[in-house]
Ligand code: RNT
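Shown here is one chain on its own, the form predicted on its own, set out as structure tokens.
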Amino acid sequence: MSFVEAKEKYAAIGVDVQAAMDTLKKVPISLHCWQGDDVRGFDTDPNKPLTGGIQTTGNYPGRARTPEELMADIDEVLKLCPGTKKINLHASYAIFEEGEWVDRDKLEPKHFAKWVEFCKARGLGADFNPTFFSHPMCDPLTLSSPNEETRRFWINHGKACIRISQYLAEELGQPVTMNIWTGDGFKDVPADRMGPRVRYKESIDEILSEPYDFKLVKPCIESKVFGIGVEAYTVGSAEFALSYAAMNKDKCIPLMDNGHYHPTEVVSDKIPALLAFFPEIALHVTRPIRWDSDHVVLFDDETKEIAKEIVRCGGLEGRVNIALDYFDASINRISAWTVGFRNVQKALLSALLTPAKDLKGLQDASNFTELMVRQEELKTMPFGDVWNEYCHQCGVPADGEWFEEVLNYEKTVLEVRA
């Protein structure tokens, strides 16, 4: 079926295809830098194992080893993905001049100046994350440690990241989502659950006492159900993170990672629940398999449901900040990035092509029979033709056209690194 025919079919159910595509073109999605080098960063020995509940599996050739290689890989991905992009950075991706190095508590905006240059040259915004893992000052706790020296180091790191986030926002002219997540917790049943959480709260309070413009810097508190080595107890649980954000709505927003909940929970259902109370939320979109395994995002049911709720709840009007968060070292990293980014865009486009107002009317009228029929018939609408047209309008390859480019890049660039 041609795009013209697909457009007519959608028009018959009250959907303006071009308006949907024009809306999606303006939606920023944050591309995570850490897929390109397996979360290694540039501020510590890249051969050291990851710690703090973080782990990558696989050893596919071509991992980026330098800022220049990582930026080149990101450029390749940008060519293959439609829509508006931001770059999501971790503090561990600071870029130092030759012979220079400072620890994480002493990081400055200048250590991200090359990322600003990169983003400006490509018209990109940026998001930012303090890096509370894979560092000798994890004891193994960070912001919740009973050790005052440890806590002070990580509080200072968080404050430095507030200043860096403000710098990125001012330089790039776009708000920066700054996400606070730690892997703090215990492998086995703790004797004290309250103490670490009180210390964690006090530490975040102090970090957020650093001056910043809340219109430009959006600090987030991210929860997790558990991680490797902290299976029994996580300090930053869902209840803790959401309660903190709710009690501090004037200076932070909640962030939900759809891998950070029990497998029977779905973030798609949580989005409208939070938007009933919060003017703004943030998302990390990933794909958990049984647990927070950070697999490449697919065009699967939950990703589609997440996108539907974002669209239905007015999330594309500045209320939902969308970022990707996964890392797979077992497959071509360029392809992993590209597949995940394109699938989030596909899910959002699919949601925008849904006659949401009509379906809501059926629900409100208790016409559940027709609602089910209409929702099922939408699944066989000619979405693929619209998606390919959207890609062409954005100047990137459609499905079936981009993978050869990845294979060529692997042969000419990635294999040379190995």
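Being a predicted model, the structure only gives us computed values, none of them experimental. Start at 1 and count along the sequence shown; that's the residue number.
There is also a form predicted in complex with ligand RNT; it is not shown, and the following applies to it.
Each of V39, N179 and E222 is positioned with at least one heavy atom within 4.5 Å of ligand RNT in the model of the complex. When ligand RNT is considered in the model of the complex, R333 lies well away from it, no heavy atom lying within 4.5 Å.
Taking the partner from the other structure, ligand RNT in the model of the complex has no heavy atom within 4.5 Å of any heavy atom of Y167.
Within 4.5 Å of some heavy atom of ligand RNT in the model of the complex lies at least one heavy atom of W34.
Contact check for I54: a non-hydrogen atom falls within 4.5 Å of ligand RNT in the model of the complex.
Exactly one of the stretches 254-262, 145-153, 305-313, 235-243 approaches ligand RNT in the model of the complex with heavy atoms within 4.5 Å, and it is 254-262. Of the candidates Y212, W115, Y200, F133, F133 is the one whose heavy atoms come within 4.5 Å of ligand RNT in the model of the complex; the others do not. With the partner omitted here, the residue from K85, H111, H90, H157 that has a non-hydrogen atom within 4.5 angstroms of ligand RNT in the model of the complex is H90.
Residues of 298-329 placing a heavy atom within 4.5 Å of ligand RNT in the model of the complex, in sequence order: D325, F327.
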